[in-house]
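One chain comes next, on its own, written as structure tokens: the form predicted alone.
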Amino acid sequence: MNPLKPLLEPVIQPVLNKATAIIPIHWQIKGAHAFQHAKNRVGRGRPVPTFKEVPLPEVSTLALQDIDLSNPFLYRQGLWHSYFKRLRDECPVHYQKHSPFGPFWSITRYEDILFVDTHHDLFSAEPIISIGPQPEGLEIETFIAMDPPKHDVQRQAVQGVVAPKNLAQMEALIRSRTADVLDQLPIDEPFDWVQKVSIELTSRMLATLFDFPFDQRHKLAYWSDVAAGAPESTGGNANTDEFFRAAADMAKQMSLLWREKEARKAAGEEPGFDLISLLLANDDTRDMINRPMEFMGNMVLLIIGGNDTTRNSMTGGVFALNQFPDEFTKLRKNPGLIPNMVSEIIRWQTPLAYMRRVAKQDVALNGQTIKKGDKVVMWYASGNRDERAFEQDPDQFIIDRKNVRKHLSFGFGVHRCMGNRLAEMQLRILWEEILKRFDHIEVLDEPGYVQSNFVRGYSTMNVKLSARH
């Protein structure tokens, strides 16, 4: 350690704080990008893993210690069921020493995941929730990756946007926009459901939540995809240059939006009920823009939170009903099953495969000792398919499944998904409007899957609609 650091820090830190509060965030990001380029040119940058897809082995051919759930191609190659099942049966608390993301524990059974998720006193969400680190030079801070009390303060500032009264006021708008999107779809002609429906509807919802310019709404979905696609974090395929460019563009536009709302507030205008207005109205977060990485982190968190869960469940529900056509028949006969089916879609799809924690102390769990400082990954995608937790075959899609709301997709404990009710409402309205218009949605070929160990998502899915007679 530099012996001068304790002496210099009280002098340097205030100067840095003032500089970051004055220099526009997007210029700070561009500066960080240039600095990383310079480090890479002289060989001082941190290596970024490169993932090349090759056929993965059947899990039965592997020794337990060689099973690596962090591989971003497990979902695309359809092997995740068997990999998770073997670990649930033989080694539910599993240590992988040699993954590209460093060593980590995999928690694969429902009850063990629930234990980790509800014990924030034993397992910390800090500093991040992904298996791997954030891109070097852009280490953002998000409240989902904070522990109480800081987590609670920042969450409290924005959770009013999904309060019951506000949700009730949003329902008519969500329904009208859903109807508008569905009414423009072609009948008896192939089209991409992901682009035409899932991305379009979630982009519209995000624009509403942020009061973002409606004609630029697709930027929100793009920023979400790039932020969640960093190879060092999740095994995605977004390159470093694209990541920094997207981050700078997002920082510029969200900062301008923040400053505009800040000026309106200062002029005495009644604040709106969008996410930025709520952050500005809270004493603990109204100056967040002066803390660039915290500002960026929470913008990214709120955008991804409003995008991935809903968007991939909108696609996953259509795919599931094609995999299990008897359930589609059951749904048409009894539309009253839609609310329960929405929970089953979210369980069956599990849009975000996992959350990461770090052990705060040595913890004994299911016969294993997790050491203080160890990385622990709760595999929601596995827990939602755990035969010990779900009486009916959890690999089946059953729209009237009993107790389906106990699924893990939203998490549990202090970090439970803030927007779960909004996501459920969007999906419920989508299926209510679908049944009014269409007799059938046929999936024409195997969907395209996102490259990631974190997002269980779809890049494309070609379908054809039959009009309701």
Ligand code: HEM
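All residue numbers are counted from 1 along the displayed sequence. This one's a predicted model, so the numbers in the text were calculated from it and none came from an experiment.
There is also a form predicted together with this ligand; it is not shown, and the following applies to it.
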Does this ligand get within 4.5 angstroms of any non-hydrogen atom of P135 in the model of the complex?
no
Does V377 reach this ligand in the model of the complex if we count a contact as any heavy atom within 4.5 Å?
no
Is I289 close enough to touch this ligand in the model of the complex, meaning at least one heavy atom pair within 4.5 Å?
no
Evaluate G316 for contact with this ligand in the model of the complex, applying a 4.5 angstroms cut-off between non-hydrogen atoms, and reply yes or no.
no
When this ligand is placed as it is in the model of the complex, which of 97 to 105, 365 to 373, 332 to 340, 150 to 158 ends up with heavy atoms within 4.5 Å of it?
150 to 158
Exactly one of V197, I276, L220, L302 comes within 4.5 Å of this ligand in the model of the complex through a heavy atom, and that residue is L302
Just to confirm, with a 4.5 Å cut-off on non-hydrogen atoms, which of T310, T178, Q253, S130 contacts this ligand in the model of the complex?
T310
Are all three of R76, G383 and F397 close to this ligand in the model of the complex, meaning a heavy atom of each within 4.5 Å?
no
Can you name the residues of 102 to 119 that have a heavy atom within 4.5 Å of this ligand in the model of the complex?
D117
